[in-house]
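To begin, one chain is listed below as structure tokens, in the form predicted alone.
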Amino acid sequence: MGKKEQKKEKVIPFGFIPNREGRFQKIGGKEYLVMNDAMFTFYERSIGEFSPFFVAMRDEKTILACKCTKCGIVRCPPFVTHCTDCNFAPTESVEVEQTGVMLSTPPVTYFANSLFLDKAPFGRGRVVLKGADTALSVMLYTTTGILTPGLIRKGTEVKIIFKDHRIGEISDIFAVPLSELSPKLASKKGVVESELNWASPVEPKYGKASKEEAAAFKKSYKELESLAKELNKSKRARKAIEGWKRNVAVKTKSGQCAMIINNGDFKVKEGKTPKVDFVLACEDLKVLLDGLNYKGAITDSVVTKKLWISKNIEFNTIFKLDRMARSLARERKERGA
């Protein structure tokens, strides 16, 4: 990110600022006008004695810890200047390595609040870096597609990765499994996110389809076509994907098709599609069909590994597809279909 773009970043993201308008709220059978307004409460917070730790991450791409001058314990992050185990003996700043092992199996967050929505799904866990005796809390990702439970476990070796644009916060770093990196990157100090191979995740392999499975794909695709037309006619379903544009390649064991999302329009197309934004793969197309028919959430299929997507950030698209399916289901219920 260039300096010009960095200057544009605000404490409150522009998208969180509501429009200057109002809405009606019904109370006791009467409608009242409710207007959007604002109350500003900006403030500064001191990083205090933690400053060298965050500055080192931001400027030097290094991880600092503190070492007790008496017992030698190395704490990372360096949250004390005097060792509480040694009658407050002073500590000294030391640098630790940027690889380590997970202290426990991290949970994965799929349904993040608005502040972390653009980061989900992500793991959150504690890693003991080489040279340290305590664990550092980090966010966790994978370069192999979507992060699913169990991909990173207790004892998994991970590597600290630095974001390209760093501001001096703990979110300047995250970790990925060490096994996903080339030997060169695995041994390199201060690896930044743009050095990782995010564009070539490993797609699942399903083997050769039988005649019965090929016939089942044809049947499911026809149903998907009909469903797409119904979704496209639904104002409520269209609203769920309003302002969103994605070309999604759908790969299955028995065939390939594409979903075209274009600012409220939803279409499907059989065969390959050029210039896709991401790949969605499942052994049986019916998994996706059921999700779009609101017979089980598509997000659940991703979490349970029935469905794979090639880009972590595209989990937002999965949310929108679920919302679209839910909207159509409600509309069907209202009209008694």
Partner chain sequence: MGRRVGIVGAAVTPFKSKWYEKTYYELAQMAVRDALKDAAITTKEVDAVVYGIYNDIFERTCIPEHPLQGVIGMQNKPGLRVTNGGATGAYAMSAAHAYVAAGRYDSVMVLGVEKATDCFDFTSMSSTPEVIKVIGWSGDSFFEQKIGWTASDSYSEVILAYMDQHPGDLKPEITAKISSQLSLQVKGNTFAQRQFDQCTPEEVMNSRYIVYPLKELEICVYSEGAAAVIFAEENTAKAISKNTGQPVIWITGMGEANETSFAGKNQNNWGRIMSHHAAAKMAYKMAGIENPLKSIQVVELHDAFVHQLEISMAEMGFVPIGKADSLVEDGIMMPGGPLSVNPSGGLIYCGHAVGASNIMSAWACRNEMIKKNYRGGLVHGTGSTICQYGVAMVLEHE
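For clarity, every value in this text was computed on a predicted model and none was experimentally measured. Rigid core (definition): largest C-alpha set, two forms, superposition within 1.5 Å. Numbering follows the first chain given and starts at 1.
One more form of this protein should be noted, the form predicted in complex with the partner chain, which is absent from this view; the next part is about it.
- Just one listed stretch, out of 91-99, 210-218, 240-248, 223-231, contacts the partner chain in the predicted complex at the 4.5 Å heavy atom level, and that stretch is 240-248.
- A heavy atom within 4.5 Å of the partner chain in the predicted complex is found for one listed residue only; from T69, T62, T273, T299, this is T299.
- Listed residues R124, K189, R166, K267 were compared with the partner chain in the predicted complex; R124 is the one with a heavy atom within 4.5 Å.
- Although the partner is absent here, M139 sits close enough that one of its heavy atoms falls within 4.5 Å of the partner chain in the predicted complex.
- In the predicted complex, the partner chain sits beyond 4.5 Å of every heavy atom of W308.
- The partner chain is not shown here, but in the predicted complex it comes within 4.5 Å of a heavy atom of F116.
- Interface residue remark: F162 is not counted as part of the site for the partner chain in the predicted complex, having no heavy atom within 4.5 Å.
- Contacts between stretch 34-69 and the partner chain, counted in the predicted complex as any heavy atom lying within 4.5 Å, involve V34, N36, D37, A38, M39, R45, S46, I47, F50, F53, F54, listed in sequence order.
- Once both forms are fitted on their core, a CA shift of 2 Å or more is seen for K245 between the shown form and the other one.
- The Cα shift for Y294 between the shown form and the other one, taken after rigid core superposition, is 2 angstroms or larger.
- Once both forms are overlaid on the rigid core, the distance between the two CA positions of G264 between the shown form and the other one is 2 angstroms or more.
- Closer approach of the C-alpha atoms of L115 and A38, by 3 angstroms or more, is seen in the predicted complex than in the present form.
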